[in-house]
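Take a look at this single chain in structure tokens; it is the form predicted alone.
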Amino acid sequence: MTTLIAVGAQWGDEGKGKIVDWLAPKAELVVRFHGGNNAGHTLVVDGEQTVLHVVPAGVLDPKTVNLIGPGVVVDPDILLEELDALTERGVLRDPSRVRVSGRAHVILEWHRSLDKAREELAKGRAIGTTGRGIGPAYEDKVTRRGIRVADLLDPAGLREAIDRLAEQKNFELTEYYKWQPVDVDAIHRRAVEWGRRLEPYVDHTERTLERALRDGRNVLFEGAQGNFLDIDHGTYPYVTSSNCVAGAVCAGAGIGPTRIDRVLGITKAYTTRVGGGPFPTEEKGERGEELRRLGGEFGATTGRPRRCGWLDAVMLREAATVNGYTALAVNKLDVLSELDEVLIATAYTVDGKRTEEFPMTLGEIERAVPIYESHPGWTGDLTGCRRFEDLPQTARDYVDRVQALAGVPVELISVGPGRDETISRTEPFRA
């Protein structure tokens, strides 16, 4: 039995969905432990694309059980839409393959309205949220007034809980933001229907997880977003509203730290970011446009164009420290093919001083000027490579340099969007 955490090492969008989908056949359980439908995983299997926002990316493997843990915030409309689509395609024939924690909190209409109203009011100071209501839902959770999935199964108590929240939410929307109030009766009707439809999927997921561990099964924990969007360890305030780092698995899934075996950090071969916030290696000119075009860098959740730049080893080292990576997966190496030169930031200059450590404050990160080293590019189609030795020598040198700079072995390399377009240098679920 091995427990493996797969988490992002950058600002999200590192291709975690593809890696989780590739790993899933080796695992019996795949567990989502934080975030909401502000994350999007794009999977390509046999040429067919699947985009998931809430359901774990292991669902495409028919042998896996997929858990949505108590650390997740759930938009029932989005979850049911995904479940319906997977059922219609014949991917999900048995509701027992997707289990939703009754302790997970629910995103309601007023959460989305507040999210959008705040971004509109902020204008130039906007964080760049997806407007999905994630942050406001987490706010209600930590102030102990949220509505949980299990509450949807209790229609009598549900009305009282919704009425209790609605008065305060509508006051804030109408009086402060000058937005339209939400229809409380409509929310209640929808919530009752959500409960009816979700009941076959609701479970005590922590117990399911514990049984799997006792039975010696492989368990894969699926992260959303990435290290630098973590509420505590990211580029605050330009972050998400949950903890994205490996340590968040313990609280967000319900597992003790002594049960974790391995941590896989996932990075692109370059760097991208969606939304506002500092980005030291961002290329704002033709190079950035070229990376966006070559990588198809548009958000799976929002469709927004991603900001693009070179790989940042300073970030990778910081993420490796915070998460305790035992290995790295490098995605989209194929995107860099045909470039004459590939850059890696190995250090920064901040206020005239060189540093190899990621700065602590937002101001320092904004003033950071990357120090690059140049690497020769490579040519040829990498999608057929299945062994490290199949890669061009300069591509192998690039991967080796990333490994040396991060201080973590690169064990997986993605050379294309398809599930099988992956190089594995060792067994990921080894004990």
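Residue positions are given as counts along the sequence shown, with the first one as 1. Owing to the predicted nature of the structure, the values given are computational and were not obtained by experimental measurement.
What comes next is about the form predicted in complex with a small molecule, which does not appear here.
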### Message
To verify the annotation, which of these, 281, 326, 129, 113, has a non-hydrogen atom within 4.5 Å of the small molecule in the model of the complex?
### Response
129
### Query
Taking the small molecule in the model of the complex as the reference, which of 225, 271, 101, 243 has a non-hydrogen atom within 4.5 Å?
225
### Task
Give a yes or no for residue 239: in the model of the complex, does one of its heavy atoms lie within 4.5 Å of a heavy atom belonging to the small molecule?
yes
#### Entry: Exercise: residue 39 in contact with the small molecule in the model of the complex, heavy atom 4.5 Å
yes
### Message
Taking the small molecule as it sits in the model of the complex, is residue 287 in contact with it (heavy atom to heavy atom, 4.5 Å or less)?
### Response
no
### Query
So in the model of the complex, does any heavy atom of residue 134 sit within 4.5 Å of the small molecule?
yes
### Query
Where, among 342-350, 271-279, 79-87, 197-205, do residues come within 4.5 Å of the small molecule in the model of the complex by heavy atom distance?
271-279
